[in-house]
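The data below hold one chain only, encoded as structure tokens and taken in the form predicted alone.
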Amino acid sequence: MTTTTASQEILLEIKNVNKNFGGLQAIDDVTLDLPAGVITTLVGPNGAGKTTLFNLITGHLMPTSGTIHWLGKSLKGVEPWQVARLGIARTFQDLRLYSQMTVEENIMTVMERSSWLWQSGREAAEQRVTEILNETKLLDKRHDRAVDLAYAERKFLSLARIMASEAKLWLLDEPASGLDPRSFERFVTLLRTYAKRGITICIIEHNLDIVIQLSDRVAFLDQGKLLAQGSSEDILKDPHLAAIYFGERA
């Protein structure tokens, strides 16, 4: 299991961030760093603020106060499409695929025409797509429509689009939910491979088996507050946090 060290580059820095919706404080003074090559999982009960935190990072929401810095630069006022171009990519629970497009076309749509791949020529871009299809075991589905894929295949296509985006930070919302054991093993291997390449990965996850197997670090949120962060073992064995997670509050 990877642990955060002083030598690991911090790609995203969230500092004293608050988000209010009228009288509701959805995020309460959260400070969290996301280092390169580390898989961080956000856990907590429903309504803890996990998705809100993703929305703040991607520019879909503005913090009421506090700062979010990406590669040392503030994301304040940066539009979501600009955040994506800066190297932050996100998946959603509903996958948001182009259902009538082929697998290959779905992947190609996220590859910026200004990227080094396209600058190297269409052949280089197509070669990268083939590599991604191999990694996600979708090569034989290359010309199939997304709508015709099995559920696990659609999940891997969603991940393939992230891989093709050249993003340095992946924000994944329950990416392994519903996967069969063999697909899950492939999924873990893929994320571990990209983390070793320096990709920063942050996941929202409720399945504790997935949290234990995949996380380098766990951040526990409740009612908008970051209550604890550390290894999955340390977090999940804390009786106070377990009581909150399973709805057994005092």
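Position 1 is the first residue in the sequence shown; the rest follow in order. This structure is a prediction, so every number in the text was calculated from the model and none was measured.
One more form of this protein, predicted in complex with a small molecule, exists but is not displayed; see below.
Contact segment among 208-216, 48-56, 64-72, 189-197, judged by heavy atoms lying within 4.5 Å of the small molecule in the predicted bound form: Flagged stretch: 48-56.
Partner contact for Ala242 in the predicted bound form: the small molecule, 4.5 angstroms, heavy atom: Output for Ala242 is no: heavy atoms all beyond 4.5 Å of the small molecule.
4.5 Å heavy atom contact, Ile201 and the small molecule in the predicted bound form: Taking the distances in the predicted bound form, the answer for Ile201 is no, it never comes within 4.5 Å of the small molecule.
In the predicted bound form, Leu34 touching the small molecule (heavy atom, 4.5 Å): No, Leu34 is distant from the partner.
Glu174, heavy atom within 4.5 angstroms of the small molecule in the predicted bound form: Looking in the predicted bound form, residue contacts with the small molecule include Glu174, since a heavy atom lies within 4.5 Å.
The small molecule: the contacting residue among Ser99, Asn134, Gln93, Thr109 in the predicted bound form [heavy atom, 4.5 Å]: Among Ser99, Asn134, Gln93, Thr109, a heavy atom within 4.5 Å of the small molecule in the predicted bound form occurs only for Gln93.
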